[in-house]
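One chain comes next, on its own, written as structure tokens: the form predicted on its own.
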Amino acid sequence: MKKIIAIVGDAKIEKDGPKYQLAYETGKALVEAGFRIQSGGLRGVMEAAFKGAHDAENYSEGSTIAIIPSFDPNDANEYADIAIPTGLDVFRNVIVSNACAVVAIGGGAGTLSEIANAWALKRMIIAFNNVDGWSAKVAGTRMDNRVRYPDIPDDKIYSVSNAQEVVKLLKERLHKYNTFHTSIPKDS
């Protein structure tokens, strides 16, 4: 089964700007590396990543999954293969964050919530350090002091600057992030 990687970030970006380019290249590189990608399924980073996925050499139907905030599947961008209309508005960010890993490109408050949820859900998180927004602010840091994986002493939000680094990190480390959240411990 193909692993699903979430790509999160700004909903409004310039079509020729650095966030668009990074999202496009990351979506394309991930699909070429054998992953599926998911996002909130709307515009901006989400659309650019899905367009990149569609332009990958080994793209196939089902490579892009949109977890959209409304009940209307037509709200998904044109590159979404599978649209899951949640009706959960911003609360769908938890579902987006529960992919095998989360890659953040810039982003505002919604992206920060996805990063924080991914941390709590014990997902691997990768953040671009070379664009403005929350990804650069948290790249290379830990969200808190909890020990998520005792066997990963350097567990953190991994810092990257290009799509090739994302793929390399996923190939090297994703298998270590194999625990899924079951409940909030009573002692936390």
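Just count from 1 along the sequence shown to find any residue number. Everything quoted here is computed from the prediction, not taken from an experiment.
The discussion below concerns the form predicted in complex with a further copy of the same chain, not included here.
- Among I126, I67, A163, V31, the residue placing a heavy atom within 4.5 Å of a further copy of the same chain in the model of the complex is I67.
- Of the heavy atoms in Y158, none are within 4.5 Å of a further copy of the same chain in the model of the complex.
- Looking at R36, you'd find a heavy atom of it within 4.5 angstroms of a further copy of the same chain in the model of the complex.
- When contacts are judged by a 4.5 Å heavy atom cut-off, V45 does not count as touching a further copy of the same chain in the model of the complex.
- In the model of the complex, K15 stays away from a further copy of the same chain, with no heavy atom inside 4.5 Å.
- Heavy atoms closer than or equal to 4.5 Å to a further copy of the same chain in the model of the complex belong, across 99-116, to the residues G108, A109, G110, L112, S113, A116, ordered by sequence position.
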